[in-house]
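One chain comes next, on its own, written out as structure tokens in the form predicted alone.
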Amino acid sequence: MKVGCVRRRERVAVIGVGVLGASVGWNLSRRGAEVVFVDAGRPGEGVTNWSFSWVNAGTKTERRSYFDLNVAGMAAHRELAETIGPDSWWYPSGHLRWAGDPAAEAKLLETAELLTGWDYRVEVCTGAEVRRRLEPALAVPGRTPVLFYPDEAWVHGRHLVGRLVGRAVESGAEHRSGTAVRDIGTGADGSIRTVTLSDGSRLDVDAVVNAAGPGASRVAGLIARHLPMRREPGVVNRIGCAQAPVHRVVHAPHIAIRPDGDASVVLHSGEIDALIDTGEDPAELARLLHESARHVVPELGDSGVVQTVTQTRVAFRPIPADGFPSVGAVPSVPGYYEAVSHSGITLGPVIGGLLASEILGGKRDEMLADFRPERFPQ
């Protein structure tokens, strides 16, 4: 990521300080802009802290441009780790996946063949090889085909956000936490001029970045813009361990598991997400996640390994209505930009760089052509 320069010091309010907002704000700040971070909560403690935080492009094959953007996101993470240091947030340990029935297995191998044709690294192993070479704690049948994606990773989102915001503040950025955006004002020409906060203060700004995650539609409504969003809740469970029994992201039938540092693991399941709207108690959802995980990692059923510390959260994913990111300027409102995407962990660093270049230099990168906000009719 090369640092450019600006002729004019623009003041930009970044609304929402998850991984996308932090990435955009840090890139703006290092390019010379005057940045104000605004968030009703604390940096990185919203959806960013309660996502599965898996950096990948292997599941993004529905549109080649989306796959390519995610590959660029993976590369941007590696570059970011070199720039700011990888300590406590960057874990490039790869990803393992296997299926539970012949039809799903055939689909998995078909996708692997497609990815290989797109120059995406995939290794086909057996369960026995995986236990011997990578993850001895996994209860995967010895002859089962297991796909290993060596270039994938996981991220500690809250630590990454803290690092980026801290760097930006050191460069002169301002951070307003614990206050929400109440109004966005425009001038006679329709361009962004002010942001009014819930504490009564008002910011004079040249631009606004809507990175408000699940609240992005409300923020867009402040400028009379309709940003359609999906309602898609997900549940994540953190379990404290004496020592994390897995070392990388694992997708087994019915459950996804990853380490969350040396002394905890994170659990997620799309099947259990489907129970959220049935009114199931979060504690019961956590029990179901833990039960599924024990079948894959038996040590997670051992009281000597699993500690009493457990946290569960149901969070709403920030997904535009068509499932793809909404990134860039809204031409009808000069100075208003969006950075809204479900794949924020993977895409944060690349979107941060591309959007900062667009805001400060007017450069509309072709990589974002399919993901422009104007595709949603007003």
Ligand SMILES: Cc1cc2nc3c(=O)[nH]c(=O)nc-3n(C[C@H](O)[C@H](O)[C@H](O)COP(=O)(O)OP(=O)(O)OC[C@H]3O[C@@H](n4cnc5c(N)ncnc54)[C@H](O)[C@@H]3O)c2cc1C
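Since the model is a prediction, treat every value here as computed from it, not as a measurement. Throughout, we count residues from 1 along the sequence that is shown.
The following text describes the form predicted in complex with the ligand, which does not appear among the structures shown.
The ligand in the predicted bound form is not approached by L300, whose heavy atoms all lie more than 4.5 angstroms from it. Interface membership of S341, defined by any non-hydrogen atom within 4.5 Å of the ligand in the predicted bound form, is confirmed. When the ligand is considered in the predicted bound form, G240 lies well away from it, no heavy atom lying within 4.5 Å. In the predicted bound form, the ligand sits beyond 4.5 Å of every heavy atom of L160. Only one of the listed residues (V327, V47, L69, A33) places a non-hydrogen atom within 4.5 angstroms of the ligand in the predicted bound form, and that residue is V47. Judged against the ligand in the predicted bound form with a 4.5 angstroms heavy atom cut-off, the residues L134, P259 and T312 are out of contact without exception. From the list 47 to 55, 329 to 337, 24 to 32, 349 to 357, the contact stretch for the ligand in the predicted bound form under a 4.5 Å heavy atom rule is 47 to 55. In the predicted bound form, the ligand lies within 4.5 angstroms of at least one heavy atom of each of the following residues of 10 to 34: I15, G16, V17, G18, V19, L20, G21, in sequence order.
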